[in-house]
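This document starts with one chain, in the form predicted on its own, laid out as structure tokens.
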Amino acid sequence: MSNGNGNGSDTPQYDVVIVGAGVSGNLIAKQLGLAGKKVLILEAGPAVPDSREQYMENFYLALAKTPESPYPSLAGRIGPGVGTLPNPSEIPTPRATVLSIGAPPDVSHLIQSETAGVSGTTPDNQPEVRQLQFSSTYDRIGGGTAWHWLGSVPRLVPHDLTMKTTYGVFYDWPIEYSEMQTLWGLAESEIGVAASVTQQVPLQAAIGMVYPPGYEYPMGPIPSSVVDQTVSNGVSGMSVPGEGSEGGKEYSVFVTNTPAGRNSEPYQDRRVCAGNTNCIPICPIQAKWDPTVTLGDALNTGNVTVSYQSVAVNIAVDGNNVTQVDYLKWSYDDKGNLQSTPASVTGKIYVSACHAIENAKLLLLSNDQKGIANKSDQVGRNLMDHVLYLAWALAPSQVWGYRGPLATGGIESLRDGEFRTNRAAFRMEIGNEGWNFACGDPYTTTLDFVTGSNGSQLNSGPTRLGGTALVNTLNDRLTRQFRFGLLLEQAPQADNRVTIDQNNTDGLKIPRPHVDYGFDKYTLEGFRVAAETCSAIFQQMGAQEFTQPTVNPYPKDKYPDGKTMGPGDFNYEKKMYHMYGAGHIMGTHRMGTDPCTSVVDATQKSHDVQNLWIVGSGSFPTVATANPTLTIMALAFKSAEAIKAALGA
């Protein structure tokens, strides 16, 4: 392979080589560029256009408004939502998509076991570790998954970092909460977080949420929606009981404004949020921060270079040090044929920042597929997500959804408590988009009343309407819709893991990732309580619940009561549930102090390879209870400082 240095010598042209132009990679590149260090970013996907008009057009034309729908699946040659999904074996940067969940290898980038989707109980009716379809997705373009992130940036709570010490489960993080407070502040300034410390004060007593004295967010909060206000009024004075050893303890239920990674005032030369409800998959005016903002700052230092369409295939290690990164530079010729050229690049320090799943894949592929940085045997293991429970209802009066950012408030007061000894905690997101997530509304309900169908469950007659009757009915139903999305902790399990699949490759002949995934009782118990809590809140509010426990049925798989089971469906304690992936993919290269049980240290430097940092949400020892982007960026600041120190800056 060619050297890629461009200077005809063995002296590295770059101080640091980073694989991946996402949240971590771009932030680390910016910090190093500001320090005068020469940085190369290898980005697997195509360059991000200067204008997002093409992405918006893709979104508008896509039949399925999925998180991936605006973004090119074939280097911009074929947009999503047109015809069939591309075959991952034929394209250079295949990615997991919502439409490919549970699909066979000729459709899905992620290969999953044939038993995925099957769940049950042991003969004595005890829950077993279930094999389920992993239901989260990610992109492989500049900026990656964070193009279609929601923009919610709550901080972790103190006990999230001390689960082993406090509750006797899982692992402690190798970093103090006080240091994280400083790092979160840096991240909030980088993103431009809209929030109010004063509005978060009620959470101090409830879950221990604290801020450094005098701290203020970069800008004031995004206004609460009518949906938020309605839920807040509806749960006023409500509490839910603790369980088991907690005796008569009660946990207060109340709504707080959610810190948002979008502008409530002009910031970073970006506009103020205009209330578009399609934050997922794309903010049309870039009021919401995404990693391309930070990448632009990195490039403006004059010290950072990006090589697009460059897929890393090997991190070469000699002894305890990386010597080079080998990659394939791909393109399409005039006839549309995929072609690639091998190349290599050297640096003093290397950073793998290409997503929790892709990081694991790259580490396992390296060293002739013997793997690197894996003396602990933890690379790829402990794959986690925020398991998402979705519940929806009709409010007794209008709440006026379908406007504003997707989420502006939530119930955070149930994120911590003694119950975490036995079951998962969760944070409750209040959705502003009616039943769009739940059943594809407003389209589904509209078609129901026009055609006499009942996909939304709101036309049980069934009735066919037109004219004024149709308008009045839709105005009544659609304006009362709201939903909760609950992000549950998931236990880190060694058998939930990413490996490489030798039998299924992509268009560059690189083995694709294989995923094994399931739940244990800790997570399942959290799911049970999440469902019960939502139903209790709906009842308290006088709202009519319409939550359905199953979607996408497969006739071949049967529940005990004869109903069909689909991907993400499972039966626990004789009740059906459906889980969604939150897209918060974590684990696979856990950080810790012990090289025998973790992959990286507190700065995200490999325990085994001295000049290699492995960064991102894969480093999280636990999923905790907050959306991960803020903490990903906070840890990237810490990594950048460690790398600068290693370079003698």
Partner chain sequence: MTTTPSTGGPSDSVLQDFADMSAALTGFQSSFLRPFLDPTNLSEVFYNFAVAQVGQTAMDNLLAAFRSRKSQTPPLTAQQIADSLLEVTTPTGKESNQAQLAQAVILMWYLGSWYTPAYQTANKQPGQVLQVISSQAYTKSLVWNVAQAHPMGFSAFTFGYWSQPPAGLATFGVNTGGGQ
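Every value quoted in this text rests on a predicted model; they were computed, and no experiment measured them. Numbering follows the first chain given and starts at 1.
The form predicted in complex with its partner chain is left out here; the points below concern that form.
Please state whether every one of the three residues Ala62, Pro284 and Pro405 places a non-hydrogen atom within 4.5 angstroms of its partner chain in the model of the complex. Spot residues vs its partner chain: full contact, yes.
Just one of Asn367, Thr446, Gln268, Asn321 has a heavy atom within 4.5 Å of its partner chain in the model of the complex. Which one? Answer to the contact question: Thr446.
Gly401, Pro154, Gly261, Gly380 - the one with a heavy atom within 4.5 Å of its partner chain in the model of the complex: Checked against the cut-off, the match is Gly401.
Want to guess which of 468 to 476, 309 to 317, 179 to 187, 195 to 203 is within 4.5 Å of its partner chain in the model of the complex, heavy atoms only? Going through the listed ranges, the match is 468 to 476.
Quick one: does Asn278 come within 4.5 Å of its partner chain in the model of the complex, counting heavy atoms only? Yes, Asn278 sits close enough to its partner chain in the model of the complex that at least one of its heavy atoms falls within 4.5 Å.
Evaluate Val272 for contact with its partner chain in the model of the complex, applying a 4.5 angstroms cut-off between non-hydrogen atoms, and reply yes or no. The answer is yes: Val272 has a heavy atom within 4.5 Å of its partner chain.
So, in the model of the complex, is Gly542 in contact with its partner chain at a 4.5 angstroms heavy atom limit? Close contact is absent here: in the model of the complex, Gly542 is far from its partner chain, nothing within 4.5 Å, heavy atoms only.
Does at least one non-hydrogen atom of Leu295 fall within 4.5 angstroms of its partner chain in the model of the complex? No.
Out of 436 to 455, which residues reach within 4.5 Å of its partner chain in the model of the complex, heavy atoms considered? Read in sequence order, the residues that approach its partner chain (within 4.5 Å, in the model of the complex) are Asn436, Pro442, Tyr443, Thr446, Leu447, Val450, Thr451, Gly452.
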